[in-house]
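Quick heads-up: it's one chain on its own, the form predicted alone, in C-alpha cells.
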C-alpha cells in the first residue's frame, strides 16, 4: 500500500514538473491588451513550470511573436518554436513581436523573479526574492507564501517575508496591514522606512492616510527599529573604514618611523618609495599575465617580496649616494630628499607613462562579506588590515628579537654611546634605511589593491605619514600603531560629520595643538639623549 502511494506521489510530481500552461493563458498573452497580458504573465509565474519560465524568458528577450493566425511562436534567426510544446514548427511568413511597455516590463520582472524563487540554487533564489521585494504584485502572494513555507535559508526567508509584507501593506484588511507594518520593521532598507512613513501622513482634509490607529502605531514602531538599525550600520561602516584607513597609514608610516627614529632624516621621498612598491606589484602582475596566466590570482603573493626588496634597494642607494653625506644638516637633507622624490616621479613617468596603471584584485580578494544588513566588508580591505598586522608583527620581532633590532634601538636611543661600544652605526644606518624603504614598498603593494597606481600616488601619503610618526612618537612602533588607527578613525568620523576637506583641516589643527602640548608624541623615547 505504501509503495503504491509513493509511486502515485512520484508520478504526480513528475506530472507537475512537466506541466504545460493552458491554452487560455497563451491566448490571453497573444491578445493586444495589456490587462490580458498581465493576467497571462502572472498565471505563467504562478504555474512556475519549466515551459512557463521559457515563455517568460522569451518575452523578456523580445523573441516572442504573434503570427497572423493569432498563435504564439518563439522565433530565432533560423528556427520557430511552439511555446506550448517546445517543438520546432514551420517558420511563419509574417508575425508581430510582443513589445513591452513600462507597465508590462515591471510586471514581467516580478514574474520572472517569482518563477525562480524555488530554484535549487540558493543565489538564484536570493536574487529572485530580492527582486520580488521590489516588484511583487498581489497575484504573486500565494507563490511567495508557498516559497516561504519550504524555504530554509535565512536571507531568502527575510527577503520573501518583506516581499509579502510589501504586498499586504496595501491590503484592504487592517489586520493584514498591521501585521505587514510589524514585519517591515525587520528591514534595514531606507525605502521601506519611507513607505511606512507614508502611512503616518495626513491628507489635505486633515485625516491620516492610514485610518487604523493600530496600523499607524505599528508603522511608527517599525520606523524606529529601522532607524536604529541604519544608525548601527553607519557606525559599523565608519569604524571599518577608519580601521582600513588606519592600516594603510600604518603601512605608510612604519618605515618612516624607523628611518626618522634612527637617523633623524626627514625623508621627503618616502611617498615615492610607496610608489616603487606599487609599480613593482604592477610589473609582477604583467609577468603573471604573460607567462603564468593559469596562476594569475597568485601574483599578489609573489609581488610582496618583490615590492619589499625593490624599494629597499632604492632606499639603500639613496642613503649611500646622497643622504649619508648630509647627516646633521636637516635643511639640506630635506631639500635633497625632495629632489630625489622628483627624480623618482619623473623616472616613473618615463618608464611607465604619465597615466595611471591598472592593478586588478585577484579573485580571492574581490567581493565582500555581509556582516549584517547594509554592512558589507570588502575582501581587499580585510586582507590589507590583516597584512598590516602581519607586517607590524614582523617589524616588532625584528626590533625586539634580533641582533639587528637591538643595534637599531641602541642607535636610536644614543648614537654616540652605541658607537663607543662597537655598534657599526654607519652600516646600521644603511640597513635601517633599507628596511624602512622596504616596508614602504610593502605599503605600496597594499595600496595598489585599493588605489590607482601612478607616478604621483605617493604625494598624498607623505604628509599623513609624518603626522602618524610625529603624533605617535619618534621611533615608537606602539606610537605608530596608536596614531595610525587613531587618525584613521578620527578622519572617517569627521568626514561623516563635516566632509573630507573640513575633516582634514580639523585633524591638522588637532595635531598642531597636540604637538604644542606634548612635543615628544604619545610614546616618548627613553634614553640619555632625551636628557641632553
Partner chain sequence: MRTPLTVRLFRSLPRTGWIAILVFALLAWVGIPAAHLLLPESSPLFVSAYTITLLGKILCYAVVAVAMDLIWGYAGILSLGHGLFFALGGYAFGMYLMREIGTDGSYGVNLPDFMVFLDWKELPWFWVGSEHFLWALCLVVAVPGLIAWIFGWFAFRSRIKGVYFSIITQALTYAAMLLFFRNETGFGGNNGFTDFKRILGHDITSPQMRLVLFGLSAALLIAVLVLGRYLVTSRFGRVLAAIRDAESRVRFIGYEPTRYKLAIWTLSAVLCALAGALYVPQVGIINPSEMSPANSIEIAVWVAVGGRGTLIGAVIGAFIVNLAKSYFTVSFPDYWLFFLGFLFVAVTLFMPRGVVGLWQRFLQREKAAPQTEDDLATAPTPTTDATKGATA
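Rigid core (definition): largest C-alpha set, two forms, superposition within 1.5 Å. Predicted model, so just to flag it, every value in this text is computed and none were measured. Numbering follows the first chain given and starts at 1.
Same protein, other form: the form predicted together with its partner chain, not shown, and the subject of what follows.
K.L.:
Pick from 340, 306, 148, 383: which has a non-hydrogen atom within 4.5 Å of its partner chain in the model of the complex?
P.N.:
Spelling it out, the residue with a heavy atom inside the cut-off is 340.
K.L.:
What is the one choice in 68, 502, 478, 27 with a heavy atom within 4.5 Å of its partner chain in the model of the complex?
P.N.:
Only one option qualifies, and that one is 502.
K.L.:
Has each of 321, 412 and 521 got a heavy atom lying within 4.5 angstroms of its partner chain in the model of the complex?
P.N.:
The answer is yes; 321, 412 and 521 each reach its partner chain.
K.L.:
Looking at 390-398, 434-442, 413-421, 148-156, which lies within 4.5 angstroms of its partner chain in the model of the complex, counting heavy atoms?
P.N.:
So the stretch in question is 413-421.
K.L.:
Any chance residue 327 has a heavy atom within 4.5 Å of its partner chain in the model of the complex?
P.N.:
Output for residue 327 is yes: heavy atoms within 4.5 Å of its partner chain.
K.L.:
Answer for residue 346 alone: is it within 4.5 Å of its partner chain in the model of the complex, judged on heavy atom distances?
P.N.:
Residue 346 belongs to the contact set for its partner chain.
K.L.:
May I ask you to check whether residue 221 falls inside a 4.5 Å heavy atom distance of its partner chain in the model of the complex?
P.N.:
No, no contact at 4.5 Å.
K.L.:
Would you please decide whether residue 332 lies within 4.5 angstroms of its partner chain in the model of the complex, comparing each non-hydrogen atom pair?
P.N.:
Yes.
K.L.:
Pick out the residues of 484-516 whose heavy atoms come within 4.5 Å of its partner chain in the model of the complex.
P.N.:
Residues within 4.5 Å: 501, 502, 504, 505, 508, 511, 512, 515, 516.
K.L.:
Is there a C-alpha shift of 2 Å or more at residue 339 between the shown form and the other one once the rigid core is superposed?
P.N.:
Residue 339: C-alpha displaced by 2 Å or more between the shown form and the other one.
K.L.:
On a rigid core superposition, would residue 357 pass a 2 Å threshold for CA movement between the shown form and the other one?
P.N.:
Residue 357: C-alpha displaced by less than 2 Å between the shown form and the other one.
K.L.:
Core-aligned, is the CA shift for residue 232 between the shown form and the other one 2 angstroms or more?
P.N.:
No, shifts by less than 2 Å.
K.L.:
Quick one: in the model of the complex, is the Cα gap between residue 486 and residue 412 smaller or bigger than here? Answer closer or farther; it shifts by 3 Å or more.
P.N.:
Farther: residue 486 and residue 412 separate by 3 Å or more in the model of the complex.
K.L.:
Look at the CA atoms of residue 482 and residue 412: state whether they lie closer or farther apart in the model of the complex than in this form, given a difference of 3 Å or more.
P.N.:
Farther apart in the model of the complex, by 3 Å or more.
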